[in-house]
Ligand SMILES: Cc1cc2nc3c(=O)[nH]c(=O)nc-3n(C[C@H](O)[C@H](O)[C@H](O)COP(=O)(O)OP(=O)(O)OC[C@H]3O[C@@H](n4cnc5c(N)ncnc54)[C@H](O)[C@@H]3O)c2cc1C
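Before any questions on how it binds or moves, here is one chain, the form predicted on its own, in structure tokens.
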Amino acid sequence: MNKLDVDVAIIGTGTAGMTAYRAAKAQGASVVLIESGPYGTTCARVGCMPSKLLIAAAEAAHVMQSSAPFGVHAGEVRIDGRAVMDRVKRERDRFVGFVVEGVDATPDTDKLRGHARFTGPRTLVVDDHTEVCAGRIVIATGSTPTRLPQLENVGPGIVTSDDVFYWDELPRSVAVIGTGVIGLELGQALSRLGVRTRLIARGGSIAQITDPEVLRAASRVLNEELDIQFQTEVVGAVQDGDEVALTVRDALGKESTERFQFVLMAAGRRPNVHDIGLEHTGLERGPDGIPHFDTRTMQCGNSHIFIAGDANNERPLLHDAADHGKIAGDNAGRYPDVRPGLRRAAISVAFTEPNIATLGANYRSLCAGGKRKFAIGMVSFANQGRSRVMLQNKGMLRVYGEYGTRQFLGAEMIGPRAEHLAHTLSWAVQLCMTVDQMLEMPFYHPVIEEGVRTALRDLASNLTKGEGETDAADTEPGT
């Protein structure tokens, strides 16, 4: 077996791993990258980029099919499923190619192919060909789609989100398991492209929403277009020819069976930390198998091991994976001089229509501890000027501010072009702006951002009311 001694070993060449590599090299460390799968990030290959390509096709179809209320009447809309998937795969491969070019530019001496497992706190075995002894190690092993035990070993009709982007043609029918970001994005896109689609949710959650009022609004809006079964449990499935007979149980215990060409498991992703020998590291781990780590430094306990990207499951999004990788790589490169790195305001977007977005502190986190120390402002997009002009007047925005300081804390929303509203508001969170400072900013007319101003005015009023109470912490937000 070959033996290799390096300052830093990085397991994984996704967004977090490659960013960590560049950061550690910049610190002057000798570094080796270890990869067992194909090069190319989750985002580029099976995540955010190909899903947006599918969504873009769905939006084009939807615009043509829904123009009549404007007095614009299109002819018969024909969706060529093979052409749709051909463009998705072709453009996806371009994005992957850009990533692979970066890996190819890395010196061959800095790369190892194979599956890495810890054999000790500082040693890794890569397949059966190389033993690596490293002064520091970065775990950047990414994630894989969560699989439901009751759907294992059924047949080719059971697929995950990774499989969708290798289809040659759009299917006839799909049951989508999960109403998280992945399930909703793919489910709505497939439905708009003419695929008979049903979404099935074990509970009542939608994407990343934690605010009960926004959740109610989102459920109402999405159910106007999509076939969603909440509070429904998957019992099992049987492959029958080229279809799957899927059996589910509703909240009342009634079972029903329906046939679909595919059953798509889209109930989230699972960090890849369960087959890398973490039991040999001496690290403390949580029930999910992820080592305890500091979100400011990515350091696992007080050890020489760092964890970044989807592997730590803190914020499994590309921009956060890049930040994780930079912090982990910097600290691994200059260890033991471990320092907190730049953590940006949280922001998450589901590219449904309307968009769903959260940023800063969410409702659930602000309610932790029992007493609410924040006020709420809101706006409905139902009669918001620009939204109504575009016939996209659906959804709600709720914004949060701290009593006393009047600092803007965060927001949750479902609404038109919320991806852009969320960016503007996340910058305000990161700059620690007060609600009053935000209201001093320019708002053009007519734009959707005027709805943000309405919500902020409501929040400012409720903050003032709360400050007049004996104990603002006991005041019901938004009243």
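Counting begins at 1, following the sequence as shown. Keep in mind that this is a model prediction, so the values were computed, not measured.
Form predicted in complex with the named molecule: not shown, discussed below.
- Taking a 4.5 Å heavy atom cutoff to the named molecule in the predicted bound form, the contact residue among F95, F262, F165, Y363 is F165.
- Here is the short version: of V429, V32, A29, C43, the single residue with a heavy atom within 4.5 Å of the named molecule in the predicted bound form is C43.
- Remark: P446 does not count among the residues lining the named molecule in the predicted bound form, judged by a heavy atom distance of 4.5 Å or less.
- Not displayed here, the named molecule is approached by S51 to within 4.5 Å at the level of heavy atoms in the predicted bound form.
- Contact check for P69: no non-hydrogen atom falls within 4.5 Å of the named molecule in the predicted bound form.
- The named molecule is not drawn, but in the predicted bound form it has a heavy atom within 4.5 Å of A140.
- Screening 335 to 343, 386 to 394, 266 to 274, 399 to 407 for residues having heavy atoms within 4.5 Å of the named molecule in the predicted bound form returns a single hit, 266 to 274.
- Scanning 313 to 327 for heavy atoms within 4.5 Å of the named molecule in the predicted bound form gives P316, L317, L318, H319, A321 in sequence order.
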